[in-house]
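Before any questions on binding or motion, here is one chain by itself as structure tokens, the form predicted on its own.
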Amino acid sequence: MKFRIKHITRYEYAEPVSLCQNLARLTPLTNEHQTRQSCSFTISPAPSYLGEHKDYYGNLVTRFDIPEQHKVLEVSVTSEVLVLEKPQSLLFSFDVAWEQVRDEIARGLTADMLFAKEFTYASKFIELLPSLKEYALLSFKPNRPLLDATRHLMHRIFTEFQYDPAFTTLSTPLQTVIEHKRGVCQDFAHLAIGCLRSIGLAARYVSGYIETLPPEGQEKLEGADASHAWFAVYLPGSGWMEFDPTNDIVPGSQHIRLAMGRDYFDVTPLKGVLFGGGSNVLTVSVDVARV
């Protein structure tokens, strides 16, 4: 399946910005799930410097500097991605008990295992709370296969938590999400990752997009799509298996991967520093269309 994604980020500032330096993680990944065929940036005002590098987790980061005064910043990224028909469900046939996976990761005898071990610790947005372990163990019964238990955890989050975009912000603690059982895709991914890490498993955050289809007989609205987030758990010998708790599905041909990290902090689509600006209004428009 081939997709064209257009992602527009626009900041309107109350006061002039005299200088800004930015990092954008808006270039889709090329990995075992997909191939990036093209990606282009249009930035206004035009930057004086534009470059790119890969970060520690393999994400492509675009850096740009704008030294001229401005009150509006717009970053438009157009990408084409071929999502490969590679059903992750095949990995379930290699499933093993979650305690065995936990113990293998703890020993960390290979380079892959040592890297996975880094995803067992707390991170900026994911504190390893006792309530997370308690919630996780309702799915992770003794000797239950890892992927089967993770799928069960995903389903519980989907059924027990309410999607509510008005309830949380980036600063909302994970404990608040647990207590009120409300949040958005980012919160549900953080919740699942925290549960898995709390029992010694390796889990990472995945940012990207998901194709949405309009109701039958209606046209798809421009800008109606949005960024999405889900999580992946590590299975030794097979790699990272992805789960989408917001939609209660194992990601397939409609999920497009943008970046991966410990949590949202590692994959923020656009962040930076600026001088001036005062308050600002942020608008984001995303379109995901089949080519």
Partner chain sequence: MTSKSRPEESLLSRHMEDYHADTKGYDEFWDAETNQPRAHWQNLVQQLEKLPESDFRARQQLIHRQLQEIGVTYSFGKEDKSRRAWELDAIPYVLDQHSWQQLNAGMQQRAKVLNAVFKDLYGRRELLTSGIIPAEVVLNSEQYIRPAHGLYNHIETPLMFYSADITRNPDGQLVVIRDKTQMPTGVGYCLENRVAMSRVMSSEFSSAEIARLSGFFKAWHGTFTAMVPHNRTPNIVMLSAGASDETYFEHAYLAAYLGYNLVLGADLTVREGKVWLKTLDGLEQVDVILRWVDDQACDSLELKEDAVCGVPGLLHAVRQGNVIVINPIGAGILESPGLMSYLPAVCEHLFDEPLLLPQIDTFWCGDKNRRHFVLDNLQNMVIKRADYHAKNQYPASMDDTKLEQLRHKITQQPAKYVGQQFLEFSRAPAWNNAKFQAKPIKIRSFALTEQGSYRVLPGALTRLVYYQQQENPFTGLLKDTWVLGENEENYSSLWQLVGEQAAYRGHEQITSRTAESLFWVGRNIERSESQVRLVRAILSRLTEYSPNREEDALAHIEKLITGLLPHHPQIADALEDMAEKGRSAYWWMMRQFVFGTDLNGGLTATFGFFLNSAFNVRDYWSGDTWRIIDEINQAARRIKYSKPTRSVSDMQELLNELLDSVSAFLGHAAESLSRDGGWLMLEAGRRLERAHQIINLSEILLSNAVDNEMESLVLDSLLYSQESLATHRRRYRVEQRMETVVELLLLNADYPRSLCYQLKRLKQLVAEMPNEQNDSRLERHEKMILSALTRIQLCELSDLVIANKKGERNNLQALLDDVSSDLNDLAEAISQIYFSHTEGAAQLLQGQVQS
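Positions refer to the first chain, counted from 1. None of these values were measured; they are calculated from a predicted model.
Not pictured, yet referred to below: the form predicted in complex with the partner chain.
A heavy atom within 4.5 Å of the partner chain in the predicted bound form is found for exactly one of 252, 67, 239, 45: 67. The shortest heavy atom separation between residue 226 and the partner chain in the predicted bound form is within 4.5 Å. A residue is said to contact a partner when one of its heavy atoms sits within 4.5 Å of a partner heavy atom; residue 165 meets this definition for the partner chain in the predicted bound form. Put simply, residue 118 is close to the partner chain in the predicted bound form: some heavy atom of it is within 4.5 Å. In the predicted bound form, the partner chain sits beyond 4.5 Å of every heavy atom of residue 36.
Looking at the partner chain in the predicted bound form, residues 18, 170 and 205 each place a heavy atom within 4.5 Å of it. Stretch-level contact check against the partner chain in the predicted bound form with heavy atoms at 4.5 Å: of 195 to 203, 178 to 186, 134 to 142, 76 to 84, the positive one is 178 to 186. Contact annotation for 38 to 62: residues with any non-hydrogen atom within 4.5 angstroms of the partner chain in the predicted bound form are 48, 49, 53, 56, 57, listed in sequence order.
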